[in-house]
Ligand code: PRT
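Listed next as structure tokens is one chain, alone, in the form predicted alone.
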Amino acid sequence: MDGITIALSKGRIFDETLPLLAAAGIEPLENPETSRKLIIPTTRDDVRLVIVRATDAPTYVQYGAADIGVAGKDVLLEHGGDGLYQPLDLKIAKCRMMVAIPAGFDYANAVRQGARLKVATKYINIAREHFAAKGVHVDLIKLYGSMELAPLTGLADAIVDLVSTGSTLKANNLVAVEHILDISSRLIVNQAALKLKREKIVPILDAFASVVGP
């Protein structure tokens, strides 16, 4: 396809990318939440959107199945952003990567005494680096579902997860005790596509940048 394919995930990233797309004169012709289509046409004949799982967006862009994509910093750190041009922090889908524990668990004391903690997370690489830098011994347990359940059932002493409002933690009697890093979504571009389709891609990047600001 000579046109441009943009990889987006459903939900918050899709919704918060809409104003950026509009600035580039791109509007989806269908809503991915209600449409069964995974390839969504837009108001521009030469631009289509592919709806992918958030963790797959970098893969689609890396292998050239999409020219441009939007991926959270968490996904890029965890799954790797190798070979991807990342020109812009879009400042959308903001949240924080945190360590959280059950209320009442003396995390600081456990760390001080050199206890080996069981930590449940989707983000094994990020968690490993964080605890290694602190010199804390952990056994990491990879989960795909709700992290909050792990401490409640005794599977883990702590979790590493994304926190936006903190209401889910609160509802499950968990407390955030450590901030690991701030997360937002980045624009990612296939490097070969940037060379081959430069005239089409650069105006889209410029339009995005004009909305995001410095």
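Residue indices: 1-based, along the sequence shown. Everything quoted here is computed from the prediction, not taken from an experiment.
Quick note: we don't show the form predicted in complex with the named molecule, though the next part is all about it.
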Discussion item. I need to confirm a contact call. Of 79, 128, 91, 122, which residue comes within 4.5 Å of the named molecule in the predicted bound form, counting heavy atoms only?
Written reply: 122
Practice prompt. Go through 149, 177, 40, 162 and name the one with a heavy atom inside 4.5 Å of the named molecule in the predicted bound form.
Written response: 162
Discussion item. Suppose contact means a heavy atom within 4.5 Å; in the predicted bound form, does that hold for all of 75, 166 and 183 with the named molecule?
Written reply: yes
Fill in: One stretch from 46-54, 149-157, 61-69, 23-31 that, in the predicted bound form, holds residues within 4.5 Å of the named molecule by heavy atom
46-54
Worksheet item: Taking heavy atoms only, is residue 10 within 4.5 angstroms of the named molecule in the predicted bound form?
Response: yes
Worksheet item: According to a 4.5 angstroms non-hydrogen atom cut-off, is residue 95 in contact with the named molecule in the predicted bound form?
Response: yes
